[in-house]
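You are given structure tokens for the same protein chain in two forms, set apart as structure 1 and structure 2.
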Structure 1
């Protein structure tokens, strides 16, 4: 039977939960998950709901009825997704391979419930990796003089393949505004958590010189402001004086893989809501 996931945010007022749950009850819906949160400072209500229908139901008709009977009444921003639909995920890479191998391994094992129609890179280094996993690889060089042209080619490919969201698996280029506008809150990036204190090409070397006691990684949605988008997931590990620069790099890469994978899962499972450059993550 059909299953849906519903995400809502709207001005907080009484009766929202009762009206939403009543809507699904009247349509033979069995709610097997519901969570809500109220931002008291901004008086905004957030909800995530999973429902399985006990009778054959049209998802498109359910969406229209929900809009007319509930959503408009409460001035909701909302999305209703079929739980059976697999999002189409594009992966962008450069030369680092640790996040790509991790993503593709989880994908092949069925851990990531997505389809991956293509991998795009500004270098050819990881083409063989894509071939090993049977995924089309597109090399689109990016230089100071070809950024706009490259962005047009990327967007054309993404639209042709009907991509739902993008993962930057250590893609070492600034994402153009046109791509961000086409995929708002649908581009996921990963970086070490030393920013902005240890920005640059060798953050682990800088951190080592300062004698850091923890290192971390952050996955976030991409916005026009570099590395300042809504944060999805973070994690840290402790460091001592006995760790070398190589140790820091290896530990950092392990964190990047785990944090990026978790960020992707939350997005796939429709567990993230973005509001005012901040995420509500229903875990």
Structure 2
């Protein structure tokens, strides 16, 4: 039987939940999950709902009806996904392999419900890893003079492969505006600090210098401002004076892997909404 996930945000007013849930009830939909949140400051209502229909139902018809009878009435921004649809994910890498190994291990074992049609890298180092896991690898070098050209090639490949979202698995290049514009809130980066501390380059070096007692990692959607996009997930680990920069880099790897993997999962499972440069994550 068909199953959908619905994401909504709209101006807050009374009756939204009653109207939305009644809509599905009348169409033989069994609501398995509902979560909502009201941003009181901006009076915006957010909602995530999973519904399983007890009879054959056309999802495109349901969408049409939802739009006409509910969504327009409340001026909603909304998306309805079929639970069957498997998102198509591109992975960008440079030379570090730990996040790539982690993602591909999770993918192979069925933990990440995505397709991975391609891996793109500005270096050739990880080509062999891609091959071991049977995933097409494209080497697109990026130099000061070839940035635009590279962006065009990347975009072309992504469109050809019908990619839904991009994961930057320690990709060490600034993402060009054109790519960000083509994938708004659909490029996930892992930054190796607990943002907003230590944004920019070499966060472990800065953490060492400042003498912090915890280090962190942050997965976030990429926006034009560097390391300032909506945060999806963060985690930390304790360190002490006895850890060298090399130790921080090593300890940080596990953080990066898990924080990135969780960010990807929330995105795949349609658990994230973005508003005002912040995420609502319905876990």
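As the structure is a computational prediction, the values presented were derived from the model and not from experiment. Residue numbers count along the first chain shown, from 1. Heads up, when I say rigid core I mean the largest set of C-alphas that superpose within 1.5 Å between the two forms.
Peer 1: Just one question: which structure is the form predicted in complex with another copy of the chain?
Peer 2: Only structure 2 matches the form predicted in complex with another copy of the chain.
Peer 1: Under a superposition restricted to the rigid core, does residue 246 display a Cα displacement of 2 angstroms or more between the two structures?
Peer 2: Superposed on the core, residue 246 moves its C-alpha 2 Å or more between the two structures.
Peer 1: Determine whether the C-alpha of residue 202 shifts by 2 Å or more between the two structures once the rigid core is superposed.
Peer 2: Yes; residue 202 is a residue whose C-alpha shifts (by 2 Å or more) between the two structures when the cores are overlaid.
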